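Consider the single chain below, provided in structure tokens and representing the form predicted on its own.
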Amino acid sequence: MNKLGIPGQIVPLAIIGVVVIAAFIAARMLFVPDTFGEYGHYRASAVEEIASQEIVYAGHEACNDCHDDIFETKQESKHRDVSCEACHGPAADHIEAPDEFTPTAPRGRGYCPLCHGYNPSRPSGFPQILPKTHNPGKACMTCHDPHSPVLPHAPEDCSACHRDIANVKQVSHHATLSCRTCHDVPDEHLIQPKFVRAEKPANRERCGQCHDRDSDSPREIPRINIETHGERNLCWECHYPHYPEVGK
């Protein structure tokens, strides 16, 4: 303690505290913009800066005025909610001077896979491809009209829409099984998948065709007593059918 009865460690701590507070105030004065906090937790001047930027996007309504035939086609397709400028780029200059500025038109293979390249986070049923193996060397527009991207023919394989499941299945013991072995797939499902659904097995007998101890399947296939194994539970409540080595 000093003569005033204050513990010795208090003075250094007080000095450090004053230095920290002074540094905070100095940093705020030097680095925090003047308009910060006027309208909330951001710079008020940012509104003016953004408003002063050059307008480069025209909006799809402007495209419709001249390209009404394409607009009508697109409105009837699965791309109806995709903005024209999402694929063709900013079009404000083209709207102002159509003969001087022409929007880009992606004609190679690099653009469409941004949405349709395989990505496990995309929902099952969304058309996905493996760009390296899907018609290699051909431009997407060779087979697909981007304004009305109807498939040129019904998919020959379920992986056209269920790529995530196909990727898992091809490394499992079920890799050689056709999807129709387990699923009832009407032909119309390949044309209108959202309106005509493929059916999943609703009982244990479908799996029992291969895995019941009395089945005629090859010996190396795991066998069980379909009547007692798992009691009344359906098989896929414990086994993932597309990768049955992994139990749930």
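In case it trips you up, residue 1 is the first one in the sequence shown, and so on. Values in this document were obtained by computation on a predicted structure and should not be read as measured data. Here the rigid core means the biggest group of C-alpha atoms that line up within 1.5 Å when the two forms are laid on top of each other.
Only in words, not in the display: the form predicted in complex with heme C (HEC), which the text now covers.
- Message: Residue-level question: is Glu199 within 4.5 Å of heme C (HEC) in the predicted bound form, judged on heavy atoms?
- Response: Yes.
- Message: Test of understanding: in the predicted bound form, would Pro120 fall inside 4.5 Å of heme C (HEC) by heavy atoms?
- Response: Close contact is absent here: in the predicted bound form, Pro120 is far from heme C (HEC), nothing within 4.5 Å, heavy atoms only.
- Item | Any non-hydrogen atom of Leu177 within 4.5 angstroms of heme C (HEC) in the predicted bound form | Because a heavy atom of Leu177 falls inside 4.5 Å of heme C (HEC) in the predicted bound form, the answer is yes.
- Message: Considering non-hydrogen atoms and a 4.5 Å limit, does heme C (HEC) approach Gly230 in the predicted bound form?
- Response: Because a heavy atom of Gly230 falls inside 4.5 Å of heme C (HEC) in the predicted bound form, the answer is yes.
- Within 141-175, which residues come within 4.5 Å of heme C (HEC) in the predicted bound form, counting heavy atoms only? Heavy-atom contacts within 4.5 Å come from Met141, Thr142, Cys143, His144, Pro146, His147, Pro149, Leu151, Pro152, His153, Ala154, Pro155, Asp157, Cys158, Ala160, Cys161, His162, Ile165, Ala166, Lys169, His173, His174.
- Query: With the core lined up, does the C-alpha of Thr102 move 2 Å or more between this form and the one not shown?
  - Reply: Stays below the 2 Å threshold, so no.
- Item | Core-superposed comparison between this form and the one not shown, Cys179 Cα displacement 2 Å or beyond | It does shift by 2 Å or more.
- Message: After a rigid core superposition, would you say the CA of Leu190 moves by 2 angstroms or more between this form and the one not shown, or not?
- Response: Yes, the C-alpha moves 2 Å or more.
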